[in-house]
Every structure is written in C-alpha cells, then in structure tokens.
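Take a look at this single chain in structure tokens; it is the form predicted alone.
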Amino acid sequence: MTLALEPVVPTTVPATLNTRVPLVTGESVEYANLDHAASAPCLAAVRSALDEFLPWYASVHRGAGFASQVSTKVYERTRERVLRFVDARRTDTVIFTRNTTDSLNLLARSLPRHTSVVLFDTEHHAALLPWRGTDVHRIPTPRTRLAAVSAVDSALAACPEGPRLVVLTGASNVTGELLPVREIAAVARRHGARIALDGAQLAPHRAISLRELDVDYVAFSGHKLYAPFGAGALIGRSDWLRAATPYLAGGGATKNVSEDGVVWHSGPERHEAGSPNTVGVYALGVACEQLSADWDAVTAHEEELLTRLRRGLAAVPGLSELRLFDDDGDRVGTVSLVVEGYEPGWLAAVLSAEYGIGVRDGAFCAHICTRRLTGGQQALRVSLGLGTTAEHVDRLVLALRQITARGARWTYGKPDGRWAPTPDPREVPPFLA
C-alpha cells in the first residue's frame, strides 16, 4: 500500500484526517498535523466505538440498572485490553489515571519509605519531578547509550541500602531517540532495583512488552495514543500499590466507612476514588487494540516518513537536529531542530499561518534537556503519526526552505507574548464563533 496520501493502516485512520484550515492569504489547505508528540488526534475507530457505547453510559460498580452493568463490564474489561497491550505479567495490575503525569505521581506516592530513585536529568517533567521528597539520584545524560547503561550501574551502586527505583523514558519527547531500556533493566536487576518506564512517547509508536523489557511499571496517556478523552494508565507490580495510602480519598476506594474509621480496597480501586472516566477508559482500550492489530504496518509507515523528513531537513540551510546521543540508534517519528537566525516561535507561527502546518515550539516540558541541547535556547519540534502523509512532510520541508530563502509573506508580532500573524484574518470554526 502506498504512503503517498493515506496512512498505512485503514483501521487506524484519525478522525481529523482531511480537516482543512484557513491561511492568512485567504486560502484553505488540508491541515498538516505534525504535533503528534503533544497530543494525537482521535482515531476514527475510537470515535465510532464511543458513539456505540454512549447510549449505554451510566455509573459503574454499584449500579443495579442494566446500563450500569454494561458500563461496569466496559470499564473492567478494558483492564484486560490494556494488560494485553503491554504484554503484562499475570500478577500485574492496571490503575486508570488521567495521564502519564498522574500515573507517575501515583507511583511516587506509593514508594516504600527510604526508596532511592535513579533517573536521567533530561527526562520529561512527568518523569523528572514527581519524586521530590525521596532520595533522588539525578544523572547527567551521557553522549552514548552504552555510557547511559554504565551511568545507571554506577548510580545504583552508590545508593544506600533499601528499595531502589530506576525511572526511564522509553523514547525522548525532544529527540525521538529510544533509550536502552532492556539493557538498563538488566543493570537494575543486578542491583535488586525496580524500573518504571515512562511510555508516553513510546506506546503510540512501538509495541511494549513488560515481560521482554523486564520492567516493573509502565505509564502512558490516552491523549498521545489517539484516544484524547482524559484517561491514562499505570500498569505493573501490585505490592507497592496495594500497601500505599490511597492516592485520593473518596468513594470507590473504600470497602467500608464507619464512625471508627475506613477500610480501603486492596485492588486497583484503592487508587481510583470518585466516579471514573469510563468513556475515556473505554476509548483508551479501543485505541490499544487498534494499534496492536498491526504494529509492523504502523512502524513501517512511520519509518518511511521519518527517513523522508530527515533527508529533507538536512537540505535546509542553517538547520540542525537535536540529539541526545552521538551513536545512531532506533528512534520514533519525532525530530526537534533549530534554524540559525530564526526564533522557533516565529517559525511555528509562519508555518501555521501561511502553510497550514502544526508544529510545536518551546522546551517541550523537558526544559533541562532542550536547553542543554540548544545551548540555552528553545527549539522547534516536528512529530509524525498515523495521519501523517508524505505530502505533509514535503510541505514542511518546502516551507522551511522558502522561509529561509525569502522570509515570511505576512507580518507577525507578539500581541499576547507569543508570535502570531498581525493582523490575523483567519476565521475560527463556526462552533467557536
């Protein structure tokens, strides 16, 4: 099947494919969404599944009505879908959360006392920040993957006796580079440590196997997994989670409340207080099954477009790609870059207003990483996904070449602190008018 204008996997077409956006010149073009690393669009299959489910939506776990029973089955069966998606162990548990940040904060709240946490300083903020108050060993990220493995080995050897946890991003949200998860997990095992995987950027692009990688926990978000309805998941070993104080205090987490105190649930409900986001959870499960249907096609689609993108970017004058490692290795479809003489925010505004291209500018909630790789500046990030076509990639490359050759065709300013066309004649969609 050709990659020219269609995603490879028909069942995983985003619902927003073929959306047209206005340009400042008065024309409209098909939107080139090259910002999947921030939030991916909803899959058409997910939207269809939700349309089918919504008439049956009701309360879960405690409702006697038939719709409540249907919703409860939907919610609990999604746990099995998510466990299969990450090839979990028989004893692993799934706790539904809002997103990756929520999942890793939950895990941080569940650590045994005196746990030492080892992580790289270039982690995304969701993995970098939740561990405050624990014994954190923050490692400067080395320039090679082999050195990264050795750095974790040394850091674990320096930790005091007691529980230890290595926190590791599967794929960098800045550069797209894959970290040596399996090798670092082997080092963690030698030191008796556990390992938590931030799978936010890895899960939409590669199959994850907790068994093969030998990691203890993985967290990811539905909004990056083509199910943008406010649900995420923490999957992994249940003992620390079962022993921890409930993440939230409220109904659903309780077995019994009396004048004398509270008896909490010991299963995943322990950390899922309040009415759950059943719609978001169901959407997440459907997306997991859709992606799992043909990982080879998903990966081939992305790799072909990533090669096309990087080849085109290499021909843009003054453009430099950011990278963590000097050695080449596998990567997902995310590229961050700087163009000498051009502010990333200005470039992003021009690409949107004049070419209908959506990219991300800034430090990508990975401030230490981005500023280190740019020498203290911000960057422009291009990220591919299932709805990306060859035309989108070619349009971006051509746009960058034209901008660096002749500049913008419109005027731009910072009316609200961010670059934007001035004036901006583009009309918002009717539902916002």
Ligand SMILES: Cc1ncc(COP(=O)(O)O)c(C=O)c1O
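A residue's number is simply how far along the shown sequence it sits, counting from 1. Computed from a prediction, not measured in an experiment: that's the story for all the values here.
A second form of this protein, the form predicted in complex with the named molecule, is not displayed here; the remarks below concern that form.
When the named molecule is considered in the predicted bound form, only one residue from L400, L43, C369, A37 comes within 4.5 Å through any heavy atom, namely A37. Contact with the named molecule in the predicted bound form, defined as a heavy atom within 4.5 Å, holds for exactly one of V359, V86, L291, A126, namely A126.
Heavy atoms within 4.5 Å of the named molecule in the predicted bound form belong, among the stretches 177-185, 258-266, 209-217, 92-100, to residues of 92-100.
With a 4.5 Å cutoff on heavy atoms, R194 does not count as touching the named molecule in the predicted bound form; it lies far away. Taking non-hydrogen atoms only, A200 approaches the named molecule to within 4.5 angstroms in the predicted bound form. Contact between N173 and the named molecule in the predicted bound form is found at the 4.5 Å heavy atom cutoff.
In the predicted bound form, R164 stays away from the named molecule, with no heavy atom inside 4.5 Å.
Residues A200, Q201, S221, H223, K224 of 199-225 are found to place at least one heavy atom within 4.5 Å of the named molecule in the predicted bound form.
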